[in-house]
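In structure tokens, one chain follows: the form predicted alone.
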């Protein structure tokens, strides 16, 4: 202690820095130090805004007012759950999810069966089929907005060749919902195809050869050989696409902006209008967490189905 008091301050500082570096470079601390920047970034970018918005959902606060936030408890959640407009948006979202995901599964499975076989130009056609899922939401939304245009759109021109009149598919609620379902299915059916195709190409050939020797029908081969290999991947595709379609915002906002009226206004679009157009910030945060709750329920349901499938396979 006495010897350190007679050392120059610069030498003492240098030795302290060397001691800190030795402490940090210890083998037992290298692992945590390597992941520390990633954890810090995750906290600042994801966790901190998540906690802030969750706390904000319990207050009465509007971004366009300078009044201090007032704690309201669960009032925002209660108001949303008793609001008929919110339930209408959930019903609209459910219709779009059911139609889009169902169409994606049908088209994706059919494409997977097609590309599971080898034929000329297979690789080139596969790249073309995968192109839609590589495009941005903005480009797809603008493309279908122009495609559905009643005066310049290709769809209106095709229908007009038979009817002699312009065709405005976005003018009716049923037509607008169908337009969004078609656009979303066109973009994401290749994703479903990739997952199912991964399962189809993993089926051993000797199983089909044995079934052919046993003269099993095509339906029996599909039910006992093909389906068990792709069932898990189909459920995975169903989960991913259900969650993403449930949160869909870009395509709806670009193609219909929620119209006509509020016929295609999904719950995500409604949350956007609450928060950024009506400045009901706390209610928009609460609605976002209701959406998160639905997503968690869907994920739990998927895990339950997977665990039950594994238990049936083990028994």
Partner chain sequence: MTFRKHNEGGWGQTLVSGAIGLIYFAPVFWMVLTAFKTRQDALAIPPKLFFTPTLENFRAVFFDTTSSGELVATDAWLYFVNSAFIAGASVLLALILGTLAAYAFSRYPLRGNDTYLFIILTTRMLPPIVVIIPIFLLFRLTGLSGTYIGIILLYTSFNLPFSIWMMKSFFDDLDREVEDSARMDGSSDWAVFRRIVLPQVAAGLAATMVFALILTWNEFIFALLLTGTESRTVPVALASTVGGSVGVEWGKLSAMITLFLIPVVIVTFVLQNQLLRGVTFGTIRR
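Residue numbers count along the first chain shown, from 1. Remember, predicted model here, so these are calculated numbers, not experimental data. Definition used throughout: the rigid core is the maximal C-alpha set that superposes within 1.5 Å between two forms.
Beyond the structure shown, there is the form predicted together with the partner chain, which is absent from this document and is the topic of what follows.
- With a 4.5 Å cutoff on heavy atoms, residue 208 counts as touching the partner chain in the model of the complex.
- At the 4.5 Å threshold, heavy atoms of residue 303 reach the partner chain in the model of the complex.
- Interface membership of residue 272, defined by any non-hydrogen atom within 4.5 Å of the partner chain in the model of the complex, is confirmed.
- Using a 4.5 Å cutoff between non-hydrogen atoms, residue 139 counts as a contact of the partner chain in the model of the complex.
- Proximity to the partner chain in the model of the complex, defined as a heavy atom within 4.5 Å, holds among 98, 106, 126, 159 only for 126.
- Counting a residue when any of its non-hydrogen atoms is within 4.5 Å of the partner chain in the model of the complex, the hits in 263-287 run 268, 271, 272, 276, 284, 285.
- When two forms of a protein are overlaid on their rigid core, residues whose CA moves 2 Å or more are considered shifted, and residue 43 is one of them between the shown form and the other one.
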